[in-house]
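The chain below stands alone and is given as C-alpha cells, in the form predicted on its own.
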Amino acid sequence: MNWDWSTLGDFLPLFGHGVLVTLQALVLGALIAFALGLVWALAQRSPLKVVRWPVTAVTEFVRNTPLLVQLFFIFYVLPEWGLTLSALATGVIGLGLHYSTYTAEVYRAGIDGVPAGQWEAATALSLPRSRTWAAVILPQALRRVTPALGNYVIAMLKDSPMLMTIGVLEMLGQARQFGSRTFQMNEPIVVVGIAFVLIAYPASLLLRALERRLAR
C-alpha cells in the first residue's frame, strides 16, 4: 500500500481525540496507582494479621494475573453482579488497580530504605505514630522512590492500548477503527507509533534528570 498524505488529514482529528483519552486514562490511572499503592504498602506493615494477610493475598493475586484479564473481569463480569462501569472508567480503574500492586512494592522498598536511626529519633522525641510516618518516614521514602514510580507511568502508557479491547478509543483504538473503515492502516499506525515515542522518550529523559537531581 502506498503512503497517502490525504489520509493523515482525515485521521488527525480522530487521533487528537485518542491522545486526550490516552492521557486522561494515564493520569487518572497513575493517581489511583500511586494512592492505592501507598495504602497497600502501609497495610502490609500493619501489626494486625487480619489486615496484613488479606492485603498481601489481594496484591499478589492482582500482580500475578494479566491486566487484560482484569479489564475483562471488571467490564464483563462485574455487571452480572450489578456493578456496571463505562469503558473508560473500567480502563482507568483497571490500570490503577493493576499498577498499584507494583507501586506498593516500590513504596515498601523506599520505606525499608529509611535508616533505622530515623525511627529511633522519632521514638526518642515521643512523636505520635501518625506524625512519625507523615513528617519523618514518608518524605524520605518518597524521595527515594520517585524515579521508580515514574518508570511505572511510562509502563502504564505502553499498556494503555489494552483499553481498546473493551471499547476505549484511545490512540490505537482510533487508528484501528479508522483503518477498518478506510482500509488504510499504514498511516494511522505509524502516527500512533510516533506519538508513543514522542510522549515516552521525553518522559524518560525527565525521569533521568529527576533521578540525578534527587541523588544530589
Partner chain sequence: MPADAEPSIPKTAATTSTVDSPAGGPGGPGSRELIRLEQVTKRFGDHTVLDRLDFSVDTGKHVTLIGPSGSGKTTILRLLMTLTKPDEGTITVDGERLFPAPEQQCREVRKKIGMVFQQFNLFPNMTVLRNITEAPVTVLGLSRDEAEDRARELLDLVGLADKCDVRPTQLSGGQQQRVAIARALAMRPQVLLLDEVTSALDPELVAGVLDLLRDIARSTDITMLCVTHEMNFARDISDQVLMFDSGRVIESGPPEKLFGDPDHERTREFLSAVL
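Quick caveat: nothing in here was measured; it's all calculated off a predicted structure. Residue numbers count along the first chain shown, from 1.
Omitted here: the form predicted together with the partner chain. The next part is about that form.
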property	result
is_contact(D112, the partner chain) in the predicted bound form, heavy atom dist at most 4.5 Å	no
Proximity of A135 to the partner chain in the predicted bound form, heavy atoms at 4.5 Å	yes
L83: touches the partner chain in the predicted bound form, heavy atom cutoff 4.5 angstroms	no
Contact of A121 with the partner chain in the predicted bound form (heavy atom, 4.5 Å)	yes
Residues of 153 to 167 having any heavy atom within 4.5 Å of the partner chain in the predicted bound form, listed in sequence order	none
